[in-house]
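Okay, so here's just one chain, in structure tokens, the form predicted alone.
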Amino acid sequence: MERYTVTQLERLNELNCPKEELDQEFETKEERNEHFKKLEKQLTRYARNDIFDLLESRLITKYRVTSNKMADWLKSEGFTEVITPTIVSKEALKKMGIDSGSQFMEQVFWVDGKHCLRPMLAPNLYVEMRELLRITRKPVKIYEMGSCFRKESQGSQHLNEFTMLNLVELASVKDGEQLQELERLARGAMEALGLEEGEYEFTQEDSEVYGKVSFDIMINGMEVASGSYGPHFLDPAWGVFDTWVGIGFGIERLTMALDKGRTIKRYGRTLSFIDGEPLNI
């Protein structure tokens, strides 16, 4: 029996071929090659039609639909958007517990000896929420949505540049009620995206940065968000001493999960795909 060649499989995956089709077997090479040509033509036509639909009708990518839904939900919850620098200092990472002894340091894109492209939004948000609390003397609810950079493994769920959406509430939750508030926010986010109970789950897993005070949101076995809360042992280094809760969502992973995609590269910042469809068609 004959199966698709490595080159044929790569092309079919590129065209987002249904997984069950990839496992087909054929009596002869000729039968396989003929079937491949027909299937490639069919999938290419579908991709072209989808791109035309994007450009002429929808006019907005699935990535942007996801991010807009999240932003609208956060606004309804009373969160204010902030925008902070993409370049952060080595000292800021050290305050997050990331230094020369941390495996996380190997994932950092360095600009020079003292600065890097931010691998996370948390250092900047620590500063923002601390200063806003100092100025207003009132609870702070802010979020940021922006690029982060890590030297990740080149798997189906990882990108070197990805979009994080981090929300944080400072001094608004009673001590002992942080986890309940995290779960309330997490359920609200999933509802805003159109997901119902059973289509996602919460799991608890130690974080390299935050340790045990964290939980993950999973969709079809893929982590799409992580939450944490304080007071936390990192807080004093930032001058933060009140309770807080925060969740970080991966926008590309959320989009991939909602679209039932098989690789995140279709939904990230790329010159190879647009809205999940390949450009080499």
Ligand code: ATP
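What you are looking at is a predicted structure, and each value in this text was computed from that prediction instead of being measured. Note that residue numbering begins at 1 and tracks the sequence as displayed.
Beyond what is shown, the protein has a form predicted in complex with this ligand; the following relates to that form.
- Query: So which of L159, L132, I142, L195 reaches within 4.5 angstroms of this ligand in the predicted complex, heavy atom to heavy atom?
  - Reply: Going through each option in turn, the one that passes is L159.
- Item | Interface residue in the predicted complex among M96, M164, L74, C116, criterion: non-hydrogen atom within 4.5 angstroms of this ligand | Contact check passes for M164.
- Interface segment, criterion being heavy atoms within 4.5 Å of this ligand in the predicted complex, picked from 122-130, 184-192, 79-87, 144-152: In the other structure, the partner sits against 144-152.
- Item | Partner proximity in the predicted complex: Y229 to this ligand, non-hydrogen atom cutoff 4.5 Å | Contact check for Y229: no, nothing within 4.5 Å of this ligand in the predicted complex.
- Report yes if any heavy atom of G250 sits within 4.5 Å of a heavy atom of this ligand in the predicted complex; otherwise report no. Because a heavy atom of G250 falls inside 4.5 Å of this ligand in the predicted complex, the answer is yes.
- Message: My question is simply whether L12 lines the interface with this ligand in the predicted complex - judged by any non-hydrogen atom within 4.5 Å.
- Response: Heavy-atom contact with this ligand at 4.5 Å: absent for L12.
- Task: Please run the contact check for V224 against this ligand in the predicted complex: heavy atoms, 4.5 angstroms, yes or no?
- Result: V224 belongs to the contact set for this ligand.
- Message: For the stretch 254-279, I need every residue with any heavy atom inside 4.5 Å of this ligand in the predicted complex, listed N to C.
- Response: Only I264 sits within 4.5 Å of the partner.
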